[in-house]
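In the form predicted alone, a lone chain appears below as structure tokens.
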Amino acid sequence: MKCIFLLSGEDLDMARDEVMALAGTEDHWMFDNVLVLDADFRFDRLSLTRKVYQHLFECSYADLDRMMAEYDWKKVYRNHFSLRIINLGPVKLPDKEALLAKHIWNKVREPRVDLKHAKTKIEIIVTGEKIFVGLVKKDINNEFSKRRPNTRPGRHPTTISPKLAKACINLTGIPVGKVLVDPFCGTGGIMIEGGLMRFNTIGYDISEKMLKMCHRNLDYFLIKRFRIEIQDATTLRNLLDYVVTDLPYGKSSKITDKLELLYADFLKTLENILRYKAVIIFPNSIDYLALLNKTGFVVEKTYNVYVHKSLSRNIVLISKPNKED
């Protein structure tokens, strides 16, 4: 199905790539924060998308009224409808919902309008280049505020946000049935999002204290399908399907030197046991490309996420090289 994705504005590159990873395609069109592509997956998996629409048609500003009048609204109308204009670009479409809604009213049998609970939600998205008209398929509300790190019984100051954790999981494109592993699971932020997405998750950490907090957090959010163990991430031996992890970090140069050795050892281990893809989150104090260049990993995507004035995170999607290349 041809779909329209209305992306949130924090990081458009990451938001676009999250959708494409789950859709399994690189073919797309992008206009402002509107992404258009063919897709068929569980849209509620998305983290950085606000709404998903069935693409009905697109047109210029001048052709909108004619296209609204010509479209066969009987194909999508169910019970009652609403119409809303969303202005995204510098050119604003005047407030004319009522006039445009008349085209739908005139084309369907027994038309009814319900602005709050419509079965047929039509939205007109106005970008800087063109207008998209779509039928709302999913209005995504992830309720991230209810899962903020400071709301959990087991807390740690460096835990990543649930929105970023979920986006990182999706960037791997992990399909249903595969296992998600976090080798530095800490208090379980990534495992919580993976569990809520219905994946079996495994978490390893060298700290018993962290694992106790992780278990409390997973229980708090009613996550059932998980396993956590005390393990050194640099000595793992079992094959791992998909990995998402936020590496531990410190601020002093002495700690940073030790971290570089830790990261290098971990990446060497991961190179031997990773089956498919991984998202590794590095602190900005580390030259992550220099470390990755010493491995055989393919760096597919990189993103920089600002946290505060003394910390940014580098999000890196890596994979094993194609043996046929």
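In this text the structure is predicted, and so the values were computed from the model without any measurement. Note that residue numbering follows the sequence shown and begins at 1.
Keep in mind the form predicted in complex with a small molecule is missing from the figure; the text below concerns it.
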- Message: Residue-level question: is N200 within 4.5 Å of the small molecule in the predicted complex, judged on heavy atoms?
- Response: no
- Residue contact check: P111 to the small molecule in the predicted complex, 4.5 Å heavy atom: no
- Classify H156 as contacting or not contacting the small molecule in the predicted complex by the rule of any non-hydrogen atom within 4.5 angstroms, answering yes or no. yes
- Query: Do I206 and the small molecule come within 4.5 Å of each other in the predicted complex, heavy atoms counted?
  - Reply: yes
- Heavy atom within 4.5 Å of the small molecule in the predicted complex, from candidates I122, V243, I174, A233, belongs to A233
- Among 98-106, 112-120, 81-89, 189-197, the region lying within 4.5 Å of the small molecule in the predicted complex by heavy atom distance: 189-197
